[in-house]
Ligand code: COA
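Read the single chain below, which is given as structure tokens and is the form predicted on its own.
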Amino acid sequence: MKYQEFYDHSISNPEGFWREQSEKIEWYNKPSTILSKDQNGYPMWFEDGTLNMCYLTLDKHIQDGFGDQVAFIYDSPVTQTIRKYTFNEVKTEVAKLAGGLLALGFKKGDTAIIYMPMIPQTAFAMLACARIGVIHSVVFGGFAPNELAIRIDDCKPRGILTASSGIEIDRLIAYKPLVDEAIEIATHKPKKVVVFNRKLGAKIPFKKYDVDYDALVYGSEETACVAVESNHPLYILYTSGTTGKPKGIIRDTGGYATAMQFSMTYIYDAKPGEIFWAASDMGWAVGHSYIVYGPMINRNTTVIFEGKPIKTPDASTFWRVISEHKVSTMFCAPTAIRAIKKEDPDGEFIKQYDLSSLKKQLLAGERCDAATLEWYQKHIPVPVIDNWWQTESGWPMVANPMGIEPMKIKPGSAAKVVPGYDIQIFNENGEKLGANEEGLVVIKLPLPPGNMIGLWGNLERFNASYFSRFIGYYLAGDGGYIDEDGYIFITGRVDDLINVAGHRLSTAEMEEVVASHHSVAECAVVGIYDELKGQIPVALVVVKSGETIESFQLEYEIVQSIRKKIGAVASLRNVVVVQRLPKTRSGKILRKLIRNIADQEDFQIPSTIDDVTIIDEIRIALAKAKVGQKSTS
């Protein structure tokens, strides 16, 4: 199959193309209307079809004779636990939990918040909700009570499913007190809180609304799947918004199921029965799509990993998991690889494990720099496949389509546009730009199946955030360009493009140069205020373990590299060495936060920040380096 023919078919005849793809999943009632519009004119898919996501991920495989295949491998280095669950075992627990939820008064169309760590019960809860048409909203376990309260008030859940605790590298985090505090803060009061006791010693203060998870499952009968309409919301997933209030992305059921099957087959080339591991969290878009729903629809064994790429116990953890469980496809953020590279720059741990099962390494969540790509391929000679997508899309928009026609890898590019997406580059005035001209990334409507169908309870914000600037197009919020070969280069969020004396420059391009320095483990380049030039770039770098280079020497060499590879117009003068970079829990570097700290602007601490104490570390480092509008030593 040729990529271009496949892609052209998806754009010239989207209804015919997606009708064919929808036939690869099992519907209770097959859709006759493939593409329609809702009452506000937004495109919708498979409107009159009915199905059930839990059926597709569990019951269907059991009916097909694969009930004894392992569905989940739970690998928790933080608790030193490994447990495997077959499709039969998962279905029994999920169906009983679903029955228990029905007994508690949950019904189709209700919402439920799932506030749990990386344990199998999180996936069980998601699937149990899907089984009875309850709309789940997974909130990353450990989020502050105020952030959880905001989500409670937004989606108004009938109940919350939680666990007694999560575990970080060095501490136990008791979840139940955080849930109780959130309910206290929230205006909306959930009726029930189902608590899974991990028996790790965490405090579980009892409230009248509490229900024990094990008792609920043990005392309930298995319940059957409930048929839902294609456009029935499967879940709400909150993502950060520019106003500080999170946006509740709504994902449909039929379009998403179709997209998951499509992506597992044509993008990732994952064969049923293979081991698929996405080292993400179920609270993020990657976790929903590629820990739970995508692999399970495709009958892959999926790994639920509770740990970190380093310090659980060391930088060998990923390789141990791949070797021990015979992982075929692995998926993580570039940040994870950089963290491993920093701890083990010569790849000594890699040599200790048999990684012959691994066919490909997938990367997403942020742009993969060339240095990280080269390091990985030097030590593990398998294809490293970058892909670009967003919470809003739910699955890749730019990728190397391994199941259609594998493409040459170009460092810095996630390859070409995925079939179904009509990606274009516009200037500020909405005019289409030519090859290698950098501008705003937009996607012509209709977006393909699997993309968001709205924001929970906020149509006005939905239109204003994504569709108001260029009518008929989705504004991705990222900058980028398409080269003469059709490869797409995403250069970062639009607010990561900086204007230096009238020149629009990409901080991502500068980061490529900085990251290529032999002493640099990872870096971030941001544009900060400058009275003369408007903005100037500053580089924050984390050096590799064991490096002894002096800060002034590192700064000199990086500045010279920038001048050589980008030009003096970049005006990079400052390179600040830091111990770590501020990141979200999913590994994205918080560049806007760094900029706000340097410019001494008021800012709201992102709810997704991994560790709030890093703010003071960055502030002190920038002040010592005399970087920033008002910084003093």
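Please read all numbers here as calculations on a predicted model, not as lab measurements. Quick note: we count residues from 1 along the sequence shown, nothing fancier. Think of the rigid core as the biggest set of C-alphas that the two forms share within 1.5 Å after superposition.
Separately, the form predicted together with the ligand exists; it is not shown, and the next lines address it.
With the partner omitted from this view, the residue of E168, D485, D210, D153 that lies near the ligand in the predicted complex is E168 [heavy atom within 4.5 Å].
Though the ligand is absent from this view, in the predicted complex it lies within 4.5 Å of a heavy atom of just one residue from R563, R461, R83, K410, which is R563.
Not one of T253, Y256 and I615 comes within 4.5 Å of the ligand in the predicted complex, counting any heavy atom.
Although the partner is absent here, Y175 is a contact residue: one of its heavy atoms lies within 4.5 angstroms of the ligand in the predicted complex. When contacts are judged by a 4.5 Å heavy atom cut-off, S571 counts as touching the ligand in the predicted complex. Contact annotation for A202: none of its heavy atoms lies within 4.5 Å of the ligand in the predicted complex.
Among heavy atoms of F87, none comes within 4.5 Å of the ligand in the predicted complex. Between 139-147, 538-546, 418-426, 88-96, the stretch whose residues reach within 4.5 angstroms of the ligand in the predicted complex through a non-hydrogen atom is 139-147. Counting a residue when any of its non-hydrogen atoms is within 4.5 Å of the ligand in the predicted complex, the hits in 337-375 run A339, A364.
Residue displacement note: A570 has its CA displaced by at least 2 Å between this form and the one not shown (rigid core superposed). T81 is not among the residues whose C-alpha shifts by 2 Å or more between this form and the one not shown once the rigid core is aligned; its shift stays under 2 Å. After superposing the rigid core, the C-alpha of S468 moves by less than 2 Å between this form and the one not shown. Note: the CA-CA distance for Q535 and A476 contracts in the predicted complex relative to this form, by 3 angstroms or more.
Cα of A570 to Cα of E484: at least 3 Å longer in the predicted complex than in the shown structure.
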